[in-house]
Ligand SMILES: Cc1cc2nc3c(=O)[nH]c(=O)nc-3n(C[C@H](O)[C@H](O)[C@H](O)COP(=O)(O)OP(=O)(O)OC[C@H]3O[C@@H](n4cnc5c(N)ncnc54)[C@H](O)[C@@H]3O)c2cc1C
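Only one chain comes next, encoded as structure tokens, the form predicted alone.
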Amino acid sequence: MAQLFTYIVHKGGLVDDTAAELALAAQKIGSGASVTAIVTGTGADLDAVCQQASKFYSQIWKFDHADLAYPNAEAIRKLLVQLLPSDGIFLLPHDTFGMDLGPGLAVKLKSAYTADIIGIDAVEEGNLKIVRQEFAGMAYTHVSVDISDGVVLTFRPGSFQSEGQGAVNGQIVDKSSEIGELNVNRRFIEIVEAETGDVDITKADVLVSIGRGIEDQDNVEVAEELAEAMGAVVACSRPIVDAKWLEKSRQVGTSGQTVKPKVYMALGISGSFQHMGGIKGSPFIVAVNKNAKAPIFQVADVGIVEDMLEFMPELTEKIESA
């Protein structure tokens, strides 16, 4: 088995949930194999991130450099091409950063590339058999990938549950001195934080999130009544914001807010990658949708096939009467 590597996404001195998820995915690929985590950045936050990553990986490569203070995919691609073996297996989260870094890295390494993986079927004789979703999650494809000459893989966040992981106590190796030339055309300017609006959904423990199934702006009030009864906050998917029925600050997803509630009720939401990419921390997910084949049911803890417009007032009444 070739050497396995993952890239650790982090912010503010805290590792992303995908750090543990990629560790589990790597172990499924190479059972018992050593996995090396790559951490880039600068300053004290980088040391804190390395310590957290050491709970999941046997070895952590630390790269401290001013040009890596912000996760610039162009700079990190140049760094990885200098260091990774051509036949290595490299795992990334399938988020905006992973989609920026992965394809070009595979080209530079002359490796295979497979994106948005949600499951691993088997590893047999140099072939990795993985699962992907197609047609907005309405169909599943089983793909065989030749990994004998190296491969770059991106995994959908949340696809691998990380419970029970976190006791490896890996070795941190400072490889900052091995950083070569990182001249890039792209440069970081500033971070513009999204407006929180009247309610900050990123801090809510319970979210009632509405999607296209709400059908009409007047029905948003019904969702607000349910949220009030539950002690929750109303959130939404992108179509609701595009229709200007709720403000942008309430949108969950890769182009909206990243939330980490304890309970997430998805009403009339199909469960596309763009929406689910904004949900972190493995909340208890309740999904209500008329379409029994909606992708949201693949990740929901409780799935209810029902018209949300009939379901919401019924649940509100039951909660209030209780």
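Note that the rigid core is defined as the largest set of C-alphas that superpose within 1.5 Å between two forms. Just count from 1 along the sequence shown to find any residue number. None of the values given here were measured: they were computed from a predicted structure.
Another form exists, predicted together with the named molecule; not displayed. Remarks below refer to it.
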{"property": "Segment assignment from 107 to 115, 207 to 215, 149 to 157, 171 to 179: heavy atom within 4.5 Å of the named molecule in the model of the complex", "result": "207 to 215"}
{"property": "All of 238, 256 and 270 with a heavy atom within 4.5 Å of the named molecule in the model of the complex", "result": "yes"}
{"property": "280, 290, 65, 262 - the one with a heavy atom within 4.5 Å of the named molecule in the model of the complex", "result": "290"}
{"property": "Sole residue of 27, 274, 58, 51 within 4.5 Å of the named molecule in the model of the complex, by heavy atom", "result": "274"}
{"property": "The named molecule contact in the model of the complex: residue 308, any heavy atom under 4.5 Å", "result": "yes"}
{"property": "Contact test in the model of the complex: residue 91 vs the named molecule, heavy atoms, 4.5 Å", "result": "no"}
{"property": "Heavy atom of residue 294 within 4.5 Å of the named molecule in the model of the complex", "result": "yes"}
{"property": "4.5 Å heavy atom contact, residue 223 and the named molecule in the model of the complex", "result": "no"}
{"property": "Flag for residue 150, CA shift 2 Å or larger between this form and the one not shown after aligning core", "result": "no"}
{"property": "Flag for residue 289, CA shift 2 Å or larger between this form and the one not shown after aligning core", "result": "yes"}
{"property": "Cα displacement of residue 210 between this form and the one not shown reaching 2 Å, rigid core superposed", "result": "yes"}
{"property": "Cα separation of residue 264 and residue 8 in the model of the complex versus here, shift of 3 Å or more", "result": "farther"}
